[in-house]
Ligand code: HEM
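There is one chain below, alone, in structure tokens, taken in the form predicted on its own.
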């Protein structure tokens, strides 16, 4: 059996390198372009064969048990399912919660903090990031009432300069909308504050070792949230569609198109094409006000729920 498997792997590799490839097109890009669906089918087939092999050899229950044990250790599913069942039956039959605990313990309650230690502000960075997110949501909704995601450049009848509808709507917010200048300034500096606080929060978690067992999953979620935060800032940076925004869009487009195999597809999804056009602002607008808030809010809820379940790491 082992010899047959080795022979099949060698034949597969030889067939892979025997594929016709043009001189200008890399092998990976050629494979992704021509053989996307066969590769997906082979991946699914490999998964089915793996499950079948584990079933035939009798290893499937052991793998499932080990996987459940790993997940339960990090999410405490068994304990919290039991707690939810107990709370449910106690509320249904006695109309009183069994434990009396309705809110998660704060850091001060958990460690019986009597004084403000020098490191304690670093344990507030997660909450400060969430507070900045709330401020950005409120101010962003106000700005969204007046912002127009129009990236087409037209000649300004007063100055004769080429400006976009997005830039004109930003000028309207800054000069004519009530409290528009202040709201945009709060939104602008809250974005800077959130990026800085999320980054420092990740640094604190790393240097105190809070990413270790059983908090690996929450560390991964935090890393994804950091990327979401940075992408929030980037998409918002482009929305005024001024010279700085256009320059940032050009840099981002070049970075996207430089991705092997998937570059043109990523540019099409994120920027609306391989050239900066009016569609770029439309894409950035919907990413900024819909896609990223949806993804970010879901991840924040899961992230905070895991902090409640696992507790904060010991302050060492």
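Residue numbers count along the first chain shown, from 1. Computed from a predicted structure; not experimentally measured.
One more form of this protein exists, namely the form predicted in complex with ligand HEM; it is left out here, but the text below deals with it.
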Does each of 281, 284 and 292 have at least one heavy atom within 4.5 Å of ligand HEM in the predicted bound form?
-> no
Among 183-191, 161-169, 238-246, 208-216, which stretch has residues whose heavy atoms lie within 4.5 Å of ligand HEM in the predicted bound form?
-> 208-216
Should residue 313 be counted as a contact of ligand HEM in the predicted bound form, where contact means heavy atoms within 4.5 Å?
-> yes
Determine whether any heavy atom of residue 174 comes within 4.5 Å of a heavy atom of ligand HEM in the predicted bound form, and answer yes or no.
-> no
Residue contact check: residue 135 to ligand HEM in the predicted bound form, 4.5 Å heavy atom = no
Spell out, yes or no, whether the shortest heavy atom distance between residue 149 and ligand HEM in the predicted bound form is within 4.5 Å.
-> no
Heavy atom within 4.5 Å of ligand HEM in the predicted bound form: which residues of 160-183 qualify?
-> none
